[in-house]
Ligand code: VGL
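Consider the single chain below, provided in structure tokens and representing the form predicted on its own.
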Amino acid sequence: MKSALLVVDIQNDFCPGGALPVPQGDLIIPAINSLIAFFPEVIATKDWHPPGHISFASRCAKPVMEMIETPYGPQILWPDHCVQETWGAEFHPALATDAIKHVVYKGTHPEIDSYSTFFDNARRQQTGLHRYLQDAGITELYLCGLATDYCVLYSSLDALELGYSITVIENACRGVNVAPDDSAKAMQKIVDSGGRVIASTQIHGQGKEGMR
């Protein structure tokens, strides 16, 4: 199987100092950088929202973390984050971006959020990642990044549904944890759906030859 590392949403707004910081979100970047060297194919994703996105609490004049109903189902309201062409949407400066071969943009539709790196939440549009992986002959994905309980979770579940072999690198992820056990539940859901959860040391042990 040909494998790739999928680095999810290591952006300024999701790290300390950003608009929607994942607790200790920046602390996983050294682990991710160490993993990048083991993979011949590295793909990264970005939340890439237009101003006034449906997921922004400011649009609805409602409190952050309130739930609203949309045509595609419940939507949590977040602070304005990862707005296109802003500092918050840029990759964190500590991330080793030189090895990234392809960037996937998600959440670009103003009326639909997108947690998954494959589909929007309404499953009306694809991001183009599936086609890219197919064209590259990639069948095995290793995921890391932010946040465990949202974008890593839904990306993993969609990838499994599409037929990819999925491994999540637990110590190279961090969660929002609206409820304290959300990340643990997300990892268990991935395993229950057919994915694996490992530590980055297991990748290091395999060496570059294992990541073809």
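Residues carry their position along the shown sequence, with the first being 1. Everything numeric here is computed off the predicted structure, so don't read it as measured data.
Beyond the structure shown, there is the form predicted in complex with pyrazine-2-carboxylic acid (VGL), which is absent from this document and is the topic of what follows.
message: Is pyrazine-2-carboxylic acid (VGL) in the predicted bound form close enough to 20, 115 and 147 that every residue in that trio has a heavy atom within 4.5 angstroms of it?
response: Checked in the predicted bound form: all three residues contact pyrazine-2-carboxylic acid (VGL).
Given that the partner is absent here, state which listed stretch (147-155, 160-168, 31-39, 183-191) has heavy atoms within 4.5 Å of pyrazine-2-carboxylic acid (VGL) in the predicted bound form. Every other range fails; the passing one is 147-155.
Residue-level contact is defined here as any heavy atom of the residue lying within 4.5 Å of pyrazine-2-carboxylic acid (VGL) in the predicted bound form; does residue 142 satisfy this criterion? Contact check for residue 142: no, nothing within 4.5 Å of pyrazine-2-carboxylic acid (VGL) in the predicted bound form.
Review point. Can residue 119 be called a contact residue for pyrazine-2-carboxylic acid (VGL) in the predicted bound form at 4.5 Å between heavy atoms?
Key: Judged by the heavy-atom cut-off of 4.5 Å, residue 119 is well away from pyrazine-2-carboxylic acid (VGL) in the predicted bound form.
task: Note that pyrazine-2-carboxylic acid (VGL) is not shown here; using its position in the predicted bound form, name the residues of 63-87 with a heavy atom within 4.5 Å of it, in sequence order.
output: Residues within 4.5 Å: 78, 81.
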